[in-house]
Structures are given as structure tokens and as C-alpha cells.
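Taking the form predicted on its own, here's one chain by itself in C-alpha cells.
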Amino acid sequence: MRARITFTKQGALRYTGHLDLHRLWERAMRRAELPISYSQGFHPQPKISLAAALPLGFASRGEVLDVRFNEDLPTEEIARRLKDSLPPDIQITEVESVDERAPALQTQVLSAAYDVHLTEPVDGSALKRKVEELMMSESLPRERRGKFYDLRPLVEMLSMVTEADGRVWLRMTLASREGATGRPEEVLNALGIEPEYTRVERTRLIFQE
């Protein structure tokens, strides 16, 4: 059986890296006595795959993993068994059964949506103008690890939200494909916002149909 689990990652677990998160899930599944499938060979690995690495410090409401079990189980039972084995900062929001023959989870991710809350006051009208200029620009040359690339095609959507009390924050949807991944902090840098003065939350991953 191949099960797909959607879950949140909040609180202190924002600072848990990709590999540690993988190990956390393996331990939780073993504690829940779920029949995980393992790879063959000298160092068998659990057949657990996370959809897309979440940068350290980011929270999430929509992380996704696939896990293979040696037997079929009702999805409600998987969620029930895991509930008491996971830390409070991880909450399961959905468990579904997926086709064993479907492509690897990581290859199905197209984009990622983020909410970015600003922890320092900003001039809303100036920020709105910068957002509009960025979306209207034809290219945004950037440098990452010594290589130049164009950020603009990686920004699928960017908008400013204004609350009733006048506070503003950002919504963005960025490409998240292999070799073409937009990073929220690079969009913030392009807008002249220091990433350390923001709280970033990934709200969902968008997959191929």
C-alpha cells in the first residue's frame, strides 16, 4: 500500500531539517507499529519520501509525504495510530491511498504557495508598487551560489494583502520543480525586504493532476 500523508509543521519543529524530519517520521511509524516497507540491501531504508524540502525556520500547513506499507490499512487507522506518536507541532490533516504505480512524489510537485508576514512596519503603498513592478518585469537576474539565473519565471503569483487594521503581508506562489525552484527569501530580497524580518509559512504544495 502507498499512503500519502498531508501534515503541518509548526513551532520549534520549524528548525528541524529535512533529514531529521525523515527520521522523526520513521520513529513515529515504528512507535505506532505500522508495517513500513524497507528497501533491500546492506542498509535497508524505510520507503518514506517527503515531497519537497522546507527551508529551516519556515512553518507549514501543507507538507506531504508518501510511505509504503507491507499491507493495506484503512487511512483512518493510519491517522489514528500516528496521532499519539507524533510531536504536537506536527498535525496530520489528511491521509489518502495513492496508486502504487504513480510517479515518485518529488517529481509531481509543480509549485509551492507561501504566506509571508512582516514583523517590522512597512510603507504599504511603496510595497504595493514594488510588487506590481516585480510582476510586470520581464526578467529578474539574480545570483545563487555563484551562478546567475532569472527569478522572474519562478514567481507564478505575488500579491500584497492589507488587513483591516492597515497591516500588510504577502502571498506568493513559486515554482518548485527540479532545477527550477523559487525561494521566498529571494523574492523578499528583490522587494527590498530583509528576510529575517518576516515569518514565512508554506500553505500548500501544488501537484501535477
Partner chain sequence: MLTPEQIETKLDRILLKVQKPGRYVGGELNSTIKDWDQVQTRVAFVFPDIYDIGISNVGVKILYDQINQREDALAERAYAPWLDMETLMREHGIPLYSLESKRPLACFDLIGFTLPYETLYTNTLNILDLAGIPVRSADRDESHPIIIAGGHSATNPEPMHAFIDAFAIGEGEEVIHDIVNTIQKFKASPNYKREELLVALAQISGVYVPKFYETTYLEDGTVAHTLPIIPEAPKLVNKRIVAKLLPPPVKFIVPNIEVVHNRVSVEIMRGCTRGCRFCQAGMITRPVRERSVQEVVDAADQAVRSTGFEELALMSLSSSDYTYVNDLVEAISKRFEGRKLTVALPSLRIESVSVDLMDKLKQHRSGGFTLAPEAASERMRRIINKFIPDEDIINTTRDIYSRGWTTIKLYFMIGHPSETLEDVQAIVDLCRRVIDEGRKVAGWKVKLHVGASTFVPKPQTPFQWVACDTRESVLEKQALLKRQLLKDKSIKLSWTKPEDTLLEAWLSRGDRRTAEVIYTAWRNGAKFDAWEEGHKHEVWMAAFDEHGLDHAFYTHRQRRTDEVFPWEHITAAVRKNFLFQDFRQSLEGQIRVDCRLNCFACGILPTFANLRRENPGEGWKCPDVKSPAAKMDMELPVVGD
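As the structure is a computational prediction, the values presented were derived from the model and not from experiment. Numbering follows the first chain given and starts at 1.
The discussion below concerns the form predicted in complex with its partner chain, not included here.
Shown alone, this chain has one stretch from 67-75, 100-108, 123-131, 80-88 that lies within 4.5 Å of its partner chain in the predicted complex by heavy atoms: 80-88. None of the heavy atoms of Met157 is located within 4.5 Å of its partner chain in the predicted complex.
Leu24 belongs to the set of residues with a heavy atom inside 4.5 Å of its partner chain in the predicted complex.
With a 4.5 Å cutoff on heavy atoms, Arg31 counts as touching its partner chain in the predicted complex.
Although the partner is absent here, Ala180 lies well away from its partner chain in the predicted complex, with no heavy atom inside 4.5 Å. Residues Ala12, Leu13, Arg14, Tyr15, Thr16, Asp20, Arg23, Leu24 are the members of 5-24 with a non-hydrogen atom no more than 4.5 angstroms from its partner chain in the predicted complex.
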